[in-house]
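Shown next as structure tokens: one chain only, the form predicted on its own.
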Amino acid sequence: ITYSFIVGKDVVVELKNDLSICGTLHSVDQYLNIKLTDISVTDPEKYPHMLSVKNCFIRGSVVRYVQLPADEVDTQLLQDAARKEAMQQKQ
């Protein structure tokens, strides 16, 4: 899977330690190592030390989820793939 189509878009990266970081995707590699710019955290009261951080590198092994912009996701393609898989499981 290539994520280059969302470079430059705003994403939310949820880490395995429950920290969620919002930012602009600067780069991502095949290991899901992510560079974000213009970051903010979704819970600044819990992570006040992150308020002064503007850019970050996130190691892929600590990523739980990457929330993509809804308008960048081909929902029709996903629905078709889910239907196809469901039909195969019925057989």
Partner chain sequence: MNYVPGTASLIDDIDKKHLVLLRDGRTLIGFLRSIDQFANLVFHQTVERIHVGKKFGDIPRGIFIVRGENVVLLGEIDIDKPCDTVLQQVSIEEILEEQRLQQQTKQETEKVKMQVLKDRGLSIPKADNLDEY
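Numbering follows the first chain given and starts at 1. Predicted model only: the values in this text are computed from it and were never measured.
There is another form of this protein, the form predicted together with its partner chain, and it is not shown here; the text below is about that form.
Exercise for the section: Look up in the predicted bound form whether residue 19 has a non-hydrogen atom within 4.5 angstroms of its partner chain, and give yes or no. Expected result: Although its partner chain is absent here, residue 19 would touch it in the predicted bound form, with heavy atoms inside 4.5 Å.
Problem - Residue contact check: residue 65 to its partner chain in the predicted bound form, 4.5 Å heavy atom - result: Taking the distances in the predicted bound form, the answer for residue 65 is no, it never comes within 4.5 Å of its partner chain.
Handout entry: Residue contact check: residue 43 to its partner chain in the predicted bound form, 4.5 Å heavy atom
Key = Flag for residue 43 set to no.
Handout entry: residue 37: touches its partner chain in the predicted bound form, heavy atom cutoff 4.5 angstroms
Key = The answer is no: residue 37 has no heavy atom within 4.5 Å of its partner chain.
Exercise for the section: Taking only heavy atoms into account, state which residues of 51-71 are within 4.5 Å of its partner chain in the predicted bound form, ordered by sequence. Expected result: 51, 52, 53, 54, 55, 56, 57, 58, 59, 61, 62, 64, in sequence order.
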